[in-house]
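Below you will find one chain, with nothing else, as structure tokens; this is the form predicted on its own, and questions on how it binds or moves follow later.
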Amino acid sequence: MKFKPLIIGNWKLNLFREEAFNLIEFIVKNTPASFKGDIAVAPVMVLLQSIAEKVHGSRIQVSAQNIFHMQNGAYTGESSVRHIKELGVSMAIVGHSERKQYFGETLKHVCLKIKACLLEQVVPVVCIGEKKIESAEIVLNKQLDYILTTISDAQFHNIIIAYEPIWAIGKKVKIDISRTEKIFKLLRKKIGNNTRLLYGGSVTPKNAKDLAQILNINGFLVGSASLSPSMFIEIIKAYL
């Protein structure tokens, strides 16, 4: 299956209201009409509704950075998939490496969240990745095997996989295109041809063009570069 490219800007814990509004207005106005793919932004939870209202009627979608797997109950501080869906959110990032590192999320948590998203027809953007470059194949196979055994094939085709080499996130690491190509070939063989694969790991305008040429990469999960209006638009242009 041939996928349209998808570019997601993960704003993380950044941008206050006015900054976020300025950024999203720039993206809406400056995304090239010739770009035929999909675009989404993931603001902080408290700005989801405001950003969803700002992009209404545009080509931009809104993603949550995280959700809780239960629909309701005594879970102070959490937000369910139904809550974010009611705000106009169509995607949710699940299992980001920072959630695992700082909040102790496990693959079990990730799979519960995937199922919660699918139940509400919100697309889960499921993050996988290795901490050490030399352990990539073993770690990725283990993570995907766990997900594949807890979610049906029919469900798996409704998710997005984002590969994020954890050792590269937030660092000025030169991406080895040949190695990345091999990783995505491995991932594609593992999950089949009906699931979008994104790359996330210090994506910049400088490396986006080369990454976009890799056959099995269907787009990017962009971190810090998504906070720069001009950089984010340049990354989108990598698929022109």
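Counting begins at 1, following the sequence as shown. Here the structure is a predicted model, which is why all the values come from computation and not from measurement.
Beyond what is shown, the protein has a form predicted together with a small molecule; the following relates to that form.
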Can you work out whether N218 and the small molecule are in contact in the predicted bound form, taking contact to mean some heavy atom pair no more than 4.5 Å apart? no
So, in the predicted bound form, is S202 in contact with the small molecule at a 4.5 angstroms heavy atom limit? yes
Would E98 count as touching the small molecule in the predicted bound form under a 4.5 Å heavy atom rule? yes
Is L140 close to the small molecule in the predicted bound form, meaning a heavy atom pair under 4.5 Å apart or at it? no
If the cut-off is 4.5 angstroms on heavy atoms, which of these, L87, V123, A168, A136, is the one near the small molecule in the predicted bound form? A168
Residue stretch of 39-47, 207-215, 194-202, 62-70 approaching the small molecule in the predicted bound form, non-hydrogen atom distance within 4.5 Å: 194-202
